[in-house]
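Okay, so here's just one chain, in structure tokens, the form predicted alone.
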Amino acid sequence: MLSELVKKLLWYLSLVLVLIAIGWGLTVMTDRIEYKWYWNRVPQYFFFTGNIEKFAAENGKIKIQKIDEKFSQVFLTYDNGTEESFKVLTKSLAFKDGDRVTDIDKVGELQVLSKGILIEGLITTLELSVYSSVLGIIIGLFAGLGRISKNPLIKGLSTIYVELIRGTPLLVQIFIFYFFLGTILEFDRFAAGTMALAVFVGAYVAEIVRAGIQSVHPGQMEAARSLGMNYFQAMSNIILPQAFKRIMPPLAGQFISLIKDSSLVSVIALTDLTKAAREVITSTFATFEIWFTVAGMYLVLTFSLSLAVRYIERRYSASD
């Protein structure tokens, strides 16, 4: 027992040493190219403090209480009986204590915490991934069912869709959706990017669904039909629940790939995380810092999805 523990500790120590060696190698490489790191430039592109103008809502009277050298608390008592209080920058105050204000007067400036471009890009990437994943599951489910259909028309159309989408690059599909279909159907950039990703991932989901259904023993369908269920009842109540447990790992892998593939929508000027990084680099010239940061943000997204899938798998395993 003790020897096993020692062996495990040695392996963990080896892992730490390997990571230290990798870090040392990266340091040597950056020293060799004489790159100077500017990590201090990165945080402002997550969140930053900005000033916004604050106006009085009605006619009334102002009372000012100085908090410190930087901020003052403003109390507005309006003629209609309502009151308002907020904190402004002292140097931005346009009135003195006891003055009258009107509904068009600027009282001062508020200091607020605003989202930086990297956070806005992250939100766009998340929205793209979620919307396209949901649409992709719907498309892939129907296409996967169509792939095993006995109807030649349905099976043929599903097969053409899957082979066509899997046989062409995603980048080309994004261009087609934006410049061709987007012009005809008047899609904006976000809609075109979402539809392109959904159609792309739907083809792969279709193959995953087809394989999952076919992995369920045919006797399950026969038993369900013998109990009086029609095809759709047997598929939704018997076959798909069993197939879902089996297809969850490859399905999760596909959606993890989708999060990374969403970076390609930056080619149609959609400000996702990748395009946001490019814009930051043009203004800071902190190339490595920004790309390492963005890589870490993508890693957080994909790792979080992996953890969620593992949790769902454990719950399903416990219920068996």
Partner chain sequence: MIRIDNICKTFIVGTHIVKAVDHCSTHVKKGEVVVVIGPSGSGKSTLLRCINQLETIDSGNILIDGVDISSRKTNINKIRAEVGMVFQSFNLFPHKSVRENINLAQMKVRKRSKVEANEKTDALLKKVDIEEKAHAYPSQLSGGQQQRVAIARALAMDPKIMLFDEPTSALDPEMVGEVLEVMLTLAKEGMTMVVVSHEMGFAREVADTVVMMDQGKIIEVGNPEHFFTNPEKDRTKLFLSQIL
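Quick caveat, the model's predicted, so the values are computed rather than measured. Residue numbers count along the first chain shown, from 1.
Separately, the form predicted in complex with the partner chain exists; it is not shown, and the next lines address it.
Interface residue remark: residue 94 is not counted as part of the site for the partner chain in the predicted complex, having no heavy atom within 4.5 Å. Using a 4.5 angstroms threshold between heavy atoms, residue 219 counts as touching the partner chain in the predicted complex. Though the partner is left out of this view, residue 160 does not reach within 4.5 Å of the partner chain in the predicted complex, counting heavy atoms only. Although the partner is absent here, residue 183 is not a contact residue: none of its heavy atoms lies within 4.5 angstroms of the partner chain in the predicted complex.
With the partner omitted here, the residue from 233, 111, 114, 77 that has a non-hydrogen atom within 4.5 angstroms of the partner chain in the predicted complex is 233. Put simply, of 87, 225, 166, 189 only one has a heavy atom within 4.5 Å of the partner chain in the predicted complex, and it is 225. With the partner omitted here, the stretch from 99 to 107, 225 to 233, 141 to 149, 78 to 86 that lies within 4.5 Å of the partner chain by heavy atoms in the predicted complex is 225 to 233. Applying a 4.5 Å heavy atom cutoff to the partner chain in the predicted complex picks out 241, 242 from 241 to 265, in order along the sequence.
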